[in-house]
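We begin with a single chain expressed as structure tokens, specifically the form predicted alone.
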């Protein structure tokens, strides 16, 4: 414990002014909640005035949320704290000098997961901005998911170089990873337990002082910075592993001609003390910013320890990386299901996708959300186009003007009728409520063919209702229904 740092904090007093660097899905709700807490006087949201995201400054300054999906309470809270003068969004990073605490909520993707090298460019820029204006006693917290060892390594080095101060002696440094899900951002920050890991006890304590006022049900869980980094990467890795297990079982059920959902219900029925058999849902693929990359951060953290540090069978691949490959395969499986359905519907069995018109429903990776980061719809779109299909895309939530990384030739529209008209196959990639309400007779009339295909990647349609209207059905995990003749219904044994 640094006596010097403790003395600086005692002289500085409690945290009153907070800065949040990065106005995205994590930074915006965090800043709004900090601003709403009576413990804090003012909160600055720091956002680069760039061509791609500078528009957020004006919107947030007016109390408006640039996040277009449903986020209960967020718009009202932003309006409240902005009107009260407690929240201000700015591109002036020099105001970091006014802050007692600064958090960084910046994405940390992998440009190429195969080389396990993350793109820390935006994070490094954020750290340099923070370090450039750092004052003695300031708390700096990384909320971004990072490779274990980043807080005590790269982040510390950059902050010290830019500020001329020493972490643990002159300023506090910690990692407190975000644990939010789009669609329930405010609820998650308030109610989830908060992992807080400082580089020393003083830093951990100061970080707990920052996060305590915004928690309602959640509790603070202090640990070391590296342990906090491993906690975040591991919890997402485990979720990815669970999804992969469900996806693999769904593929097995398809191959054996049985219903995954019957099997899941049967397994879930085994209950009792000490029994845990929870199984997640299979689907068309995993998207989002976290699950698609956090396994690679965890793997990289171990890899950077050097050869011999990990005791592991030489001939065995990482269980976690194998899970990533399974989940990355699911859009390809959706393409295989689509080709199979088109062939059954009368297309050329050797090249059923060539010349076909596909209505791709859902560009967001999450139902009833506009979040399209790393959407599994993208690899399906590219592969279907490469096979000679024409792919039209519908999403009622996604704004193509702000959606990230849209492939060339991909046009996203909110005109569902236009997308469905003349389609040979309707392929559901997102579980939006709009798709759960689709009526097969109406869709059939728009498609126009005798036997259009319906390929369900999210278990949102009732197979018999669609085959009864003449559709050729395919669904993930529905081995009992895949391949049945259009116009028929099957009954459970």
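Residue numbers count along the first chain shown, from 1. Basically, rigid core = biggest C-alpha set you can superpose within 1.5 Å across the two forms. Because the structure is predicted, anything quoted here is derived from the model rather than measured.
In what follows, reference is made to the form predicted in complex with a small molecule, a form of this protein that is not presented.
- Here the chain stands alone, but in the predicted bound form its contact with the small molecule, taken as any heavy atom within 4.5 Å, falls in 276-284 among 276-284, 214-222, 378-386, 340-348.
- Contact check for residue 418: no non-hydrogen atom falls within 4.5 Å of the small molecule in the predicted bound form.
- When the small molecule is considered in the predicted bound form, residue 78 lies well away from it, no heavy atom lying within 4.5 Å.
- Not displayed here, the small molecule is kept clear of residue 412 by more than 4.5 Å at the level of heavy atoms in the predicted bound form.
- The small molecule is not shown here, and in the predicted bound form it never comes within 4.5 Å of any heavy atom of residue 48.
- Proximity to the small molecule in the predicted bound form, taken as a non-hydrogen atom within 4.5 angstroms, holds for one residue of 95, 132, 239, 354, which is 239.
- Out of the listed residues 365, 296, 171, 87, 365 is the one that sits within 4.5 Å of the small molecule in the predicted bound form by at least one heavy atom.
- Highlighted residues 184, 243 and 290: every one comes within 4.5 Å of the small molecule in the predicted bound form, counting any heavy atom.
- Taking the rigid core as fixed, one finds a CA shift for residue 184 of 2 Å or more between this form and the one not shown.
- For residue 426, the Cα coordinates differ by under 2 angstroms between this form and the one not shown after the core has been superposed.
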